[in-house]
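Take a look at this single chain, the form predicted on its own, given in structure tokens.
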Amino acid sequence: MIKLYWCQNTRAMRALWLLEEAGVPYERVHIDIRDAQAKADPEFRAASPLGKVPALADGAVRINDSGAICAYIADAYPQAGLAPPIGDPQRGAYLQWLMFTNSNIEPAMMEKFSALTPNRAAHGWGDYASMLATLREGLQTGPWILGGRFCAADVMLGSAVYFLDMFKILGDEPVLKAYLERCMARPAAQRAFTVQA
């Protein structure tokens, strides 16, 4: 059975949400990442050498990045339909958006929080404003990032928009706020966020 190491109010909610969407059995193992003794557990450290959550153990597989966990679950359990299969024309867009949270949104959030001077030429994420514009434009084709098809990338993006809104840096973004409402209305998201409370 899949074992998910998690802690409230962390990126682990992404993995929790995706596992709920996938409908596969899993065990939640709470790790207080602020407690050095809890983080020293050898099974946890085998899954997460940096002592961070989320971390996942599934048989011999060990993964400790929220994006990688979402990619793995979506591909390992295709019956849930959370990823276009290899060869599907939407696979490229799916992979691009699946990685967008960790590669663009989170660095742009740090730019905003740290009051860094935007530098689109030097920063791989562009800047905060262009990140938001890119995400907003990506959502123009339908209710989900791939149009009418909900996928693992929506878990990553939806959770990122949730944090942008929670930290009050989203601003006046009706397209992104409507997307967040659709994400939070999903029963799997509601179950995951209930566990997070």
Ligand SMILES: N[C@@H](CCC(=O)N[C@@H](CS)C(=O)NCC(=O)O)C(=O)O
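This structure is a prediction, so every number in the text was calculated from the model and none was measured. All residue numbers are counted from 1 along the displayed sequence.
FYI, the form predicted together with the ligand isn't displayed, but the following is about it.
inquiry  = Taking the ligand as it sits in the predicted complex, is L56 in contact with it (heavy atom to heavy atom, 4.5 Å or less)?
reply    = Judged by the heavy-atom cut-off of 4.5 Å, L56 is well away from the ligand in the predicted complex.
Even though the partner isn't displayed, in the predicted complex is S66 close enough to the ligand, meaning a heavy atom within 4.5 Å?
Because a heavy atom of S66 falls inside 4.5 Å of the ligand in the predicted complex, the answer is yes.
>> How about L135 - does it come within 4.5 Å of the ligand in the predicted complex, if we only consider non-hydrogen atoms?
In response: L135 lies outside the contact set for the ligand.
Query - 4.5 Å heavy atom contact, I33 and the ligand in the predicted complex - result: Flag for I33 set to yes.
query: Heavy atoms within 4.5 Å of the ligand in the predicted complex: which of the stretches 22 to 30, 47 to 55, 126 to 134, 142 to 150 has them?
result: So the stretch in question is 47 to 55.
- Can you tell me which residues in 1 to 25 come within 4.5 angstroms of the ligand in the predicted complex, by heavy atoms? Result: T10, R11, R14.
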